[in-house]
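Taking the form predicted on its own, here's one chain by itself in structure tokens.
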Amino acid sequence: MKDKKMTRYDLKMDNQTEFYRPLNKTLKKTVSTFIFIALCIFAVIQLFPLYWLMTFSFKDNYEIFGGNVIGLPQVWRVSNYIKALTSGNVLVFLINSVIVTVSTIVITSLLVCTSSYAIVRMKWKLSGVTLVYFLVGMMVPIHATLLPLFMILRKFKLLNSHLAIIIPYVAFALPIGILIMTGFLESIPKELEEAACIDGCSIYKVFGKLILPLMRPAIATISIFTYMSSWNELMFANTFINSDRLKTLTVGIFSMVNENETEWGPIGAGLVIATLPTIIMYIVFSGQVQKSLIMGAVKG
């Protein structure tokens, strides 16, 4: 009798499941459609500034400040890019930005890798204190260091040189870089290094041939953060460099604005030139960044 009751109950539940199944499918389809529409709207909002910047760079002042602010240019003025690269010296500014940014990324990556490995893997009394010392640098406001840095650089006669901004860029990139790298190194099993040491590898071979290749995702993440902070920086570059031949893109494009009359089309072209390397770099290294964040979050 009990089995018959259970059977009837099961049949009743099956009938209810069959009744609600079309409703569940409809609900899931509705939710998926709503999410898809919301993501499309979000994508359009995010991509609209890039669209506006691209169209802005091909217009003249009349179209920019007239009735064709958002629409496509009536005449595609490629001459704006020619003016930006020649009379606007954007090509010189671009080369200076590349020199400063690449130097900052290389120096920062080298210092972060070596110092993080020493802090995490080597056993010494002040390793924890050293890590805290580096991380405290994240709490120092950049604007508060402007005057002391200016006085130090002037004393060492480093103003109006690439080193005048490379050194501060590296200093402010180290804390976040060490934070990312130490978390990443803790996810790498120590048994790999122990096995390499048993095989006769020195600490330099262990670091160079074993650990450093495994650091590539974290290095890519640090490189992107360092690139963004140094490529787009304006305050230090505007304060420590006055020479036109040494200005970076941010300062150079800012100096293209005149007091009396300004051609905004070439300025937009310069902004496009400054933005493209950022987009390309993120597309190339986005996969490495995701891998670094996942491996840094899961330990053991």
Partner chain sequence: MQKLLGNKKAIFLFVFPALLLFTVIVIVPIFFSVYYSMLDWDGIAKGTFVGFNNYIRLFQNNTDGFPRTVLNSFILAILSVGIQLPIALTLALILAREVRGEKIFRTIYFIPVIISTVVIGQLWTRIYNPDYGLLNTVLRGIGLESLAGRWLASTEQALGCVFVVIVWQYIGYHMLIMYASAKSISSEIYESALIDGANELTIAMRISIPLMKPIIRVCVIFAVIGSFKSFDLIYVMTGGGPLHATEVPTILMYTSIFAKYRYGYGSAMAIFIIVECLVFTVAIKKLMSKDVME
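Heads up, when I say rigid core I mean the largest set of C-alphas that superpose within 1.5 Å between the two forms. Positions refer to the first chain, counted from 1. Everything numeric in this text was worked out from a predicted model, so none of it was measured.
The discussion below concerns the form predicted in complex with its partner chain, not included here.
203 is the sole member of 91, 106, 98, 203 with a non-hydrogen atom lying within 4.5 angstroms of its partner chain in the predicted bound form. Interface residue among 83, 121, 77, 162 relative to its partner chain in the predicted bound form, by the heavy atom within 4.5 Å criterion: 121.
Residues placing heavy atoms within 4.5 Å of its partner chain in the predicted bound form fall in a single listed stretch, namely 163-171, out of 212-220, 179-187, 163-171, 98-106. With a 4.5 Å cutoff on heavy atoms, residue 87 does not count as touching its partner chain in the predicted bound form; it lies far away. Taking non-hydrogen atoms only, residue 175 approaches its partner chain to within 4.5 angstroms in the predicted bound form. The closest heavy atom approach of residue 154 to its partner chain in the predicted bound form falls within 4.5 Å. Remark: residue 284 does not count among the residues lining its partner chain in the predicted bound form, judged by a heavy atom distance of 4.5 Å or less.
Contacts of stretch 35-61 with its partner chain in the predicted bound form, defined by any heavy atom lying within 4.5 Å, are made by 35, 36, 39, 40, 42, 43, 45, 46, 47, 48, 49, 50, 52, 53, 56, listed in sequence order. Taking the rigid core as fixed, one finds a CA shift for residue 44 of 2 Å or more between the shown form and the other one. Core-superposed comparison between the shown form and the other one: the CA of residue 59 exceeds or equals a 2 Å shift.
In a rigid-core overlay of the protein, residue 235 has its C-alpha displaced by under 2 Å between the shown form and the other one.
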